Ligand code: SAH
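Below, in structure tokens: the form predicted alone, a single chain.
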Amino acid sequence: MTEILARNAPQTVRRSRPESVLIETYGCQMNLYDSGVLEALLRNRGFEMTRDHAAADVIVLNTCAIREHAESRVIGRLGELSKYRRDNPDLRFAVIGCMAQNLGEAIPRQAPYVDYVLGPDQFYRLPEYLARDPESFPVINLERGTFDYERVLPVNENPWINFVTISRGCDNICAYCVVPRTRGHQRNRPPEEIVAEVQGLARQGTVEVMLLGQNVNTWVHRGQRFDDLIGRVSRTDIQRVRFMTSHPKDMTPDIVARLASYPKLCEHFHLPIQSGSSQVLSRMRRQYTRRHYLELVESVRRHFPHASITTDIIVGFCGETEAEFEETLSAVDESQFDSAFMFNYSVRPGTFAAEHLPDDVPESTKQARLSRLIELQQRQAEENNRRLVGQTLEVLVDGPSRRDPERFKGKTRTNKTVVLDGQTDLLGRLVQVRITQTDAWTLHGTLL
């Protein structure tokens, strides 16, 4: 879609003070990264950031469209935030990201006070649009763009852990997924650009980077594969490297074996299984089988004996029988996941499933199956964590504990959260912690 500007042509606005912008972020790590890039661009243009909604001149919602609930949540949030216009008639609202791309002009129809609707490839132009005459609202720009803006290092509240995008978009057409529609075809950044960004972050004090992409392991560039890129990133001054998310069909045993040769790579693999039934996976158009997935898990366990494996699972996809759901439970039991994002299937307009497959599993059945799955997964997570009691793990201390601000939290190499006592001089340091107790989600330990 081409850029749409209402009414008059844009003009430069003269303002007596820097404007304050508040950004709320929903969805995945990619959205967190984009919000960091946008904040850096806004600061470079003289805008100030705020966390006070009442003090904001501009409120930005960076959105997700992966599930219907995510979009409904943002529409509801816009309604809540509209009250601030009563005290500040000049307050402007921007909706950016995947929901903007997915709903487009429907957003101002549902929320008429929204002034900007910018897709994932156009959000970086928001500082430019903020300087335009208010009479030119609303602005809707859903065009596909380039990577030029990604040379800006994103602002991150956690200076020791940062995200680095290596690709955008997706060329897989999973039956249930809206990502190819919202983020477009996969576009890979050149390795030199990625390595330079990682090295720049390391010089600023970043200890750990997570390489991001809809499917990071499908990254290629002039004959170089994803595992080649991990090698190049590992040769920078960064101390820890992670990546997310991997597509099982593109993660082969030889790639896993080569990844094991890079000591800086953390032992955590996020491998979305989605279903443990080959028949359901076929209907989902996932392009791998149950057997392939379980062999991949075995390969990871063999080359990374202490790795944590996390996953995504959809319950109640079109036509899922009780027997097929039982196959998912058995695959979860065999894989021993450390954590999982688990959802009921919901129809997303514009996907293959919405157009060709009936959503024929009753909601009550979906909910009952989801409850059984959550119970199994939580029990597994608790058992996996209990095995860590008494072990000493490397932890990157990155901030105060959310539940107990008097204590600190950090991440193990396997991406588990650890809460420990300590002083502020621990922040940003890699320390050794003996694990003393656990629950399904968090480890507790003592600094050595």
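Note that residue numbering follows the sequence shown and begins at 1. Remember, it's a predicted structure, so these values are computed and weren't measured experimentally.
FYI, the form predicted in complex with S-adenosyl-L-homocysteine isn't displayed, but the following is about it.
Contact between L91 and S-adenosyl-L-homocysteine in the predicted complex is not found at the 4.5 Å heavy atom cutoff. In the predicted complex, at least one heavy atom of Y176 sits within 4.5 Å of S-adenosyl-L-homocysteine. In the predicted complex, V139 stays away from S-adenosyl-L-homocysteine, with no heavy atom inside 4.5 Å. Taking non-hydrogen atoms only, I314 approaches S-adenosyl-L-homocysteine to within 4.5 angstroms in the predicted complex.
Only one of 108 to 116, 193 to 201, 337 to 345, 226 to 234 lies within 4.5 Å of S-adenosyl-L-homocysteine in the predicted complex by heavy atoms, and it is 337 to 345. Scanning S299, S82, T310, T245 against S-adenosyl-L-homocysteine in the predicted complex with a 4.5 Å heavy atom cut-off leaves one residue, T245. Proximity to S-adenosyl-L-homocysteine in the predicted complex, defined as a heavy atom within 4.5 Å, singles out one entry of N156, Q214, T365, S278, which is Q214. Against S-adenosyl-L-homocysteine in the predicted complex, the set K264, K409 and G428 makes no contact: no member has a heavy atom within 4.5 Å. Taking S-adenosyl-L-homocysteine as it sits in the predicted complex, the stretch 253 to 284 comes within 4.5 angstroms of it through a non-hydrogen atom at P272, Q274.
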